[in-house]
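Have a look below at one chain only, the form predicted alone, in structure tokens format.
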């Protein structure tokens, strides 16, 4: 049975990695809409139209038993339209604001995400519903997803540029310091080692990928037979560069 994992780039591989561990019996098709990257620059209606067109084509071609939207910006606008359009489970990734609010000791949390995710009413409603008793700083990182993608593939990173993207997350208000930072973009966990090294004090970098994968497992039936069909990756922008192919090969993905 095929599970479709969709993201604007390769950051969704953080979710794919957890999904494969928890649901190894399924075949995975990973789709990177790199032709539309970054999603944070799109107007909401135009982005929704683009994604729905892509999903109709992908579902018809691959016949998945589940869709996993491995992109926070996309999830804030496309989940309900997908659930209305397709009679299969649809799992999204939205900022883990509720668990962050439950986990904080200082009462200071930050949500690090793309500007598109930060600006969405959906994100702000999560804050109102689940984090009204704590202080939440929403930080829109314009370039961090692209920095993370490059780091994932090449191992190269400009730490000064990373610090400029994350520095607003750290709040020290009357001795109460930020102690939980929500990684509100699936690209960011691959930068976890860099972010921890640059942090001015220890914080809990909250990555919800494992919890999302465990939730997904409850929505579809399992089989005792592990598939031996090759997992594949597709790029809407055409053929990826050789270094990307090597990186994906390390994930056990063949570019379709």
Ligand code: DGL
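Residue numbers count along the first chain shown, from 1. Source: prediction; values computed, not measured.
Beyond what is shown, the protein has a form predicted in complex with the ligand; the following relates to that form.
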- Among 96-104, 68-76, 123-131, 167-175, which stretch sits within 4.5 Å of the ligand in the predicted complex, heavy atoms only? 68-76
- Task: Could you work out which of 28, 37, 190, 55 is the residue within 4.5 angstroms of the ligand in the predicted complex, going by heavy atoms?
- Result: 37
- Query: residue 145: heavy atom within 4.5 Å of the ligand in the predicted complex?
  - Reply: yes
- Contact test in the predicted complex: residue 109 vs the ligand, heavy atoms, 4.5 Å: no
- Message: Under a 4.5 Å heavy atom criterion, is residue 182 part of the interface with the ligand in the predicted complex?
- Response: no
- Query: What residues, if any, in 104-119 have a non-hydrogen atom within 4.5 angstroms of the ligand in the predicted complex?
  - Reply: 114, 117
